[in-house]
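A lone chain, given as structure tokens: the form predicted alone.
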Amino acid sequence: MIDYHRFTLENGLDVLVHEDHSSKIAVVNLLYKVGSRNERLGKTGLAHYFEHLMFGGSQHIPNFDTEVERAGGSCNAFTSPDLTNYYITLPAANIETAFWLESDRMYFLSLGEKSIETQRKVVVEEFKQRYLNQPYGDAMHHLRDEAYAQHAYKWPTIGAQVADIEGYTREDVAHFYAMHYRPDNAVLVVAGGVTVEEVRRLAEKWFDRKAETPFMPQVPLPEANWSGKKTKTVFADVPTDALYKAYRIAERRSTDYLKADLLSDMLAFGKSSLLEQQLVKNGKHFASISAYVTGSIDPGF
């Protein structure tokens, strides 16, 4: 069990602190409770697009990466169907730089035409390279489309189609930012050579600002109830055949999810797993096999 202290600012920002005075390094992790789960058909991929846009500069910080490197740190981010996560690792003595950087892009992100169009081109190119122009790249598009009837898990975080990304308007982008990038929809986690008192002081200094509009979380459409088997065959120019099988499971907060997680590991995680031994090592039809669970807020697969 990791020891930590938790407090919440008046504006709703949830803060968790783990003190580790054996380290001279600190990590500042800012998680926003928004992912592709909070999108709608026709406007898919916005959460992932914002992961890129957040590195495009803010009102007082034209170049985010330059300031991180100047403080001796590094940064990165990722998007999932349920959340978007940003993190900075840097010397604990320079931790205030991370607070300054994260607060400025939470409240003053650059949403000018140049920034919007630059990141749009980057994401469209990523979509084409990773999902359209390589073998099996669009497999999850097909699988998710079959596994869900109407829930936003129906498409991957990159988006349902390139046309959605190409069609974002400045109003779409500004609305998404105001809706989701706000203190009452975020969790700040700080760990390393810091103290709770120091983190509280810096959090109040840099984040003690309320969002301008009331928080109205965008809840995805509930998934329709259905049972039975669905199949889809896709023909493409790939090196060899691939088989994907998905089973519907409970959300990650359910005890049934833990059972599914354990079962997937027993079946196909590592060289000693049951299916690896039977179908790959001692079989002649499969070259590799793996399994995982989605671990999502709503029921997954």
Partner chain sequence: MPTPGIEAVKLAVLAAVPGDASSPHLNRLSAYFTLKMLSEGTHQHSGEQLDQFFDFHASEVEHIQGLEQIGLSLLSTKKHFASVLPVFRSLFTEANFPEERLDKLKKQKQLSLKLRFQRNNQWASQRFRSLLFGPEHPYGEISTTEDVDAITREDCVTFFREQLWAEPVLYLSGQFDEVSLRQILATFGDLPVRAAEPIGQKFPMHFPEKVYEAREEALQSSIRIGTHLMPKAHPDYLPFYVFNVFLGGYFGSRLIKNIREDKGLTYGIYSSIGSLKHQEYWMLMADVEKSQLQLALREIYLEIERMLEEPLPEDEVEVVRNYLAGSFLSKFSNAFDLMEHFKAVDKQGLDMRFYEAQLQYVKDFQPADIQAVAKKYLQLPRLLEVVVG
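Numbering follows the first chain given and starts at 1. Being a predicted model, the structure only gives us computed values, none of them experimental.
There is another form of the same protein, the form predicted in complex with the partner chain; it is not shown, and what comes next is about it.
> Here the chain is shown alone; which of Asn185, Gln119, Thr157, Ser110 has a heavy atom within 4.5 Å of the partner chain in the model of the complex?
Of Asn185, Gln119, Thr157, Ser110, the residue with a heavy atom within 4.5 Å of the partner chain in the model of the complex is Gln119.
> Among Arg201, Lys128, Arg170, Arg209, which has any heavy atom within 4.5 Å of the partner chain in the model of the complex?
In short, Lys128.
> Does the partner chain come within 4.5 Å of a heavy atom in each of Gln59, Tyr153 and Ser264 in the model of the complex?
Negative, none of the three is within 4.5 Å.
> According to a 4.5 angstroms non-hydrogen atom cut-off, is Gln134 in contact with the partner chain in the model of the complex?
Yes, contact at 4.5 Å.
> Consider Gly72 of the chain shown here, and say whether it contacts the partner chain in the model of the complex, taking contact as heavy atoms within 4.5 Å.
Judged by the heavy-atom cut-off of 4.5 Å, Gly72 is in contact with the partner chain in the model of the complex.
> Is there a heavy atom of Gly283 no more than 4.5 Å from a heavy atom of the partner chain in the model of the complex?
Close contact exists here: in the model of the complex, Gly283 approaches the partner chain to within 4.5 Å, heavy atoms only.
> Is Ser254 close to the partner chain in the model of the complex, meaning a heavy atom pair under 4.5 Å apart or at it?
The answer is no: Ser254 has no heavy atom within 4.5 Å of the partner chain.
> Which of these stretches, 212 to 220, 138 to 146, 73 to 81, 191 to 199, has heavy atoms within 4.5 Å of the partner chain in the model of the complex?
So the stretch in question is 73 to 81.
> Using a 4.5 Å cut-off on any heavy atom, which residues of 15 to 36 would contact the partner chain in the model of the complex?
If the 4.5 Å heavy-atom criterion is applied to the partner chain in the model of the complex, 15 to 36 yields Lys24, Ile25.
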